[in-house]
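Encoded as structure tokens, the following chain is the form predicted alone, with no partner shown.
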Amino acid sequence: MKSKIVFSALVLPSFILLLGFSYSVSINHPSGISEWVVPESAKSVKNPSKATAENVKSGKLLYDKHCKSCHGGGGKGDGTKAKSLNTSCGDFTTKVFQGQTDGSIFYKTREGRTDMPSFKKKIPEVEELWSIVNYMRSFAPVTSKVEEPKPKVVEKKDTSKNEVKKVVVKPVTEKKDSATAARDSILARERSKIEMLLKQYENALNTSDTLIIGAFYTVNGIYIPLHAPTVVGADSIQAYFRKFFRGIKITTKFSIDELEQIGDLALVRATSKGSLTTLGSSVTIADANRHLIFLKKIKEEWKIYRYMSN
């Protein structure tokens, strides 16, 4: 009887210690997490929100507020909080993620699991959640399909037999190596991001949205307006436009004339046409400008670095 008591006293604490260790491993190293299964009913839900420039802009603002710290500015799962999490944040730029239906992405964003919180209460408006889904789609790699020329059928006459034969002549096409194709794909994706940034900037000017305008510039960004002193710093630029919009309403549309990218820097030469309305007198005049814009990519996100218009 005494030996049984001694055995229990030795084995039971060891079992409890082992159980506690197993629980700790499952919490801190959840490598065995099963695939995130989305109900078929959720997968098939159609996105009711059209991916307009305004909608994607709204999605970006919400993403930056609620998602960027973990998933990163470029959607690669490399946000500032990512390393402190027990589970991977994933990569929104991959074909695997982008191959999901909008309904699946919406379901996962709304429901959440493990380190991924549920956004049912944080973002109760369904339309706002759909705008985040639309913004996530902007992380998709841009691939351009080149249509190959069709083979020609020519008639060839055999004079010895007095016969006419049809011969298929295949056109010679230039094949790109994988490195060139990858580079072209990256350039196309970055160009798309820059064009989206300028479209959103145009939208902010037309809606007198000073908060958004300030967010488009780097912290040390510089704006050189027409017939006005140079403005230095994102906060100062925001204050400049806040004062400007008190007296003037802008209606404008940008056209990109040139876009060059070298690494994390890009140069845009553009023109704009529209009108200026003085709010006090309601007088409207035509407005046309030329723009020279330098952009810098910071953490996978393009920002305005230097901006001059005349």
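Quick note: we count residues from 1 along the sequence shown, nothing fancier. As the structure is a computational prediction, the values presented were derived from the model and not from experiment.
Beyond the structure shown, there is the form predicted together with heme C (HEC), which is absent from this document and is the topic of what follows.
Heavy atoms within 4.5 Å of heme C (HEC) in the model of the complex are found in exactly one of 245-253, 47-55, 280-288, 61-69, that being 61-69. With respect to heme C (HEC) in the model of the complex, the three residues Phe92, Pro117 and Ile123 uniformly fall within 4.5 angstroms at the level of their nearest heavy atom. Using a 4.5 Å cutoff between non-hydrogen atoms, Met136 counts as a contact of heme C (HEC) in the model of the complex. At a distance threshold of 4.5 angstroms between non-hydrogen atoms, Thr109 is in contact with heme C (HEC) in the model of the complex. Taking non-hydrogen atoms only, Lys83 never approaches heme C (HEC) to within 4.5 angstroms in the model of the complex. Although the partner is absent here, Ala234 sits far enough away that none of its heavy atoms falls within 4.5 Å of heme C (HEC) in the model of the complex.
Out of the listed residues Ser192, Thr218, Asn203, Gln100, Gln100 is the one that sits within 4.5 Å of heme C (HEC) in the model of the complex by at least one heavy atom.
Ile105 is the sole member of Ile222, Ile105, Ile212, Leu198 with a non-hydrogen atom lying within 4.5 angstroms of heme C (HEC) in the model of the complex. For the partner-free chain shown, just Trp36 of 36-61 comes within 4.5 angstroms of heme C (HEC) in the model of the complex, judged by any non-hydrogen atom. The distance between the CA atoms of Ile132 and Ile250 is at least 3 Å longer in the model of the complex than in the form shown here.
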